[in-house]
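What follows is one chain in structure tokens, specifically the form predicted on its own.
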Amino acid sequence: MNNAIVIGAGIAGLATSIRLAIKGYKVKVFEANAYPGGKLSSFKLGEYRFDAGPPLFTMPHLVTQLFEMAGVNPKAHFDYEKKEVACHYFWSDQTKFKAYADRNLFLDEINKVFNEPKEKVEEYLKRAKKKYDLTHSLFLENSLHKIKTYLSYDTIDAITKLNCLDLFKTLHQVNEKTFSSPQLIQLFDRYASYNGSDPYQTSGIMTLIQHLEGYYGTFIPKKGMVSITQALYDLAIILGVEFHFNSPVTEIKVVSKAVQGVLVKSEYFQADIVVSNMDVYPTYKKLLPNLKPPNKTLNQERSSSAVIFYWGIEKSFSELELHNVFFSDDYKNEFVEIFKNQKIGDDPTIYINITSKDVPSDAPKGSENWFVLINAPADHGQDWDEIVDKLRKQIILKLSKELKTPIEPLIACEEILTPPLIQKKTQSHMGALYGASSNNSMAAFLRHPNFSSSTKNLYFCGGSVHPGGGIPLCLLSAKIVDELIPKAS
């Protein structure tokens, strides 16, 4: 039986290990942390449970299909439900908008709150769907770095219809041209932050992200986001995958331009296939000392990072949903500060995720577990203690005003995550959540491929490589790697 090694038990590493086990490989996964999941992990503060990382779950079929491939009933290991309201949005002028999952309710609410004609929004969403239909097989489901991808009918069809993709307009330009309401424009601009980018720079093709959320909906796992990790870990165990925690890989051994295995704490493990789920930057810089790194790819602008406050709140707020956004009054400046000045502005947008709305055991009765996220620049050596101290005061002041309730006295417990801590815990270069940013219109083609062009049997998965960050794209990166690797002999 062929040996395969996966470096890192993040969500893409787990999915890759499952796919390789199904293919007949004997799979070992080496993880530096004491737990699986990477960013998609969990912790407790007293009676409050928090999901540490990605709070948004969409396209659940990408999880359940792994069970189906293995011939295992997903319902026995993983369950979730669809949200009727995808997100609740707030503006400082007291405007409020509920993004309903139901298309008709969504359009009615837009018309009522923003006075935008439903037909105009419907047409916008149809164009977003067309972008997705034309490009998903090229940008999301296949390697951009294999010639056969470009010889497919889907790719040729997409190329002949380049004009409708808005590749060379920014997302903001597309939204501003379409709508008259500044608040609706801001709402649709927000989808750039789903992959850590700037709506005033990233390509207009990114309207397809809104299509994905609107078409598939948003979901909540019944045991919290960490249950995605737990379910995939359990499936991998069922399939015979062998996990080694607290076991950082120190080197990928390459001989005559072919992978031979890995070193873990000076112990050698042979492998026919090695897949790195580690951020591609430290993979090259730390694990491949004798391989020339692709510096042009590695040195691209980093995506945004985040400062996250995990707060146990001793009150329940009926006006809040699972997902909530309190918008900045100067959205453009927010992104100028992040990407140009490498700072957090004085009026940042605030995102609050509250899983106890759907998983009551996540907080004591009458209380809530707040995951409060602020988009931040990657770590360039800023004084994060000073930034966090100022930011905490700004957030508490803004939320106290918006919710008409003093927030500070309600905070029963607190944990704070910053970009340097994100790098320390997950090896994400500079704490960037999505690897390289997508601010360049050609960003999809500039991301590192899912394979090494110079080293045989070396592959890459996860948010720092093609097709990008976030749970769905990480799972798709595992699918692409799976299709690149032959069955075990």
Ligand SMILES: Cc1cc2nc3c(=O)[nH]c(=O)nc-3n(C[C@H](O)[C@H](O)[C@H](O)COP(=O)(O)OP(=O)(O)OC[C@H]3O[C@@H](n4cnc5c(N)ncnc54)[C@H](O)[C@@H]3O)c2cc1C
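All values derive from a computational prediction rather than experimental measurement. Residue positions are given as counts along the sequence shown, with the first one as 1.
The same protein has a further form, the form predicted in complex with the ligand, not shown here; the description that follows concerns it.
Between the options Leu287, Ile220, Val325, Ile407, the residue in contact with the ligand in the predicted bound form by a heavy atom within 4.5 angstroms is Leu287. Val249 is the sole member of Val174, Val249, Ile205, Ala236 with a non-hydrogen atom lying within 4.5 angstroms of the ligand in the predicted bound form. Heavy atoms of no residue among Pro348, Lys390 and Gln394 are located within 4.5 Å of the ligand in the predicted bound form. Proximity of Leu20 to the ligand in the predicted bound form falls outside the 4.5 Å heavy atom cutoff. Though the partner is left out of this view, Ser437 does not reach within 4.5 Å of the ligand in the predicted bound form, counting heavy atoms only. The closest heavy atom approach of Pro55 to the ligand in the predicted bound form falls within 4.5 Å.
None of the heavy atoms of Ser452 is located within 4.5 Å of the ligand in the predicted bound form. Checking 42-50, 421-429, 452-460, 62-70 against the ligand in the predicted bound form, the stretch whose residues place heavy atoms within 4.5 Å of it is 421-429.
Using a 4.5 Å cut-off on any heavy atom, the residues of 458-473 that reach the ligand in the predicted bound form are, in sequence order, Gly462, Gly463, Gly469, Gly470, Ile471, Pro472.
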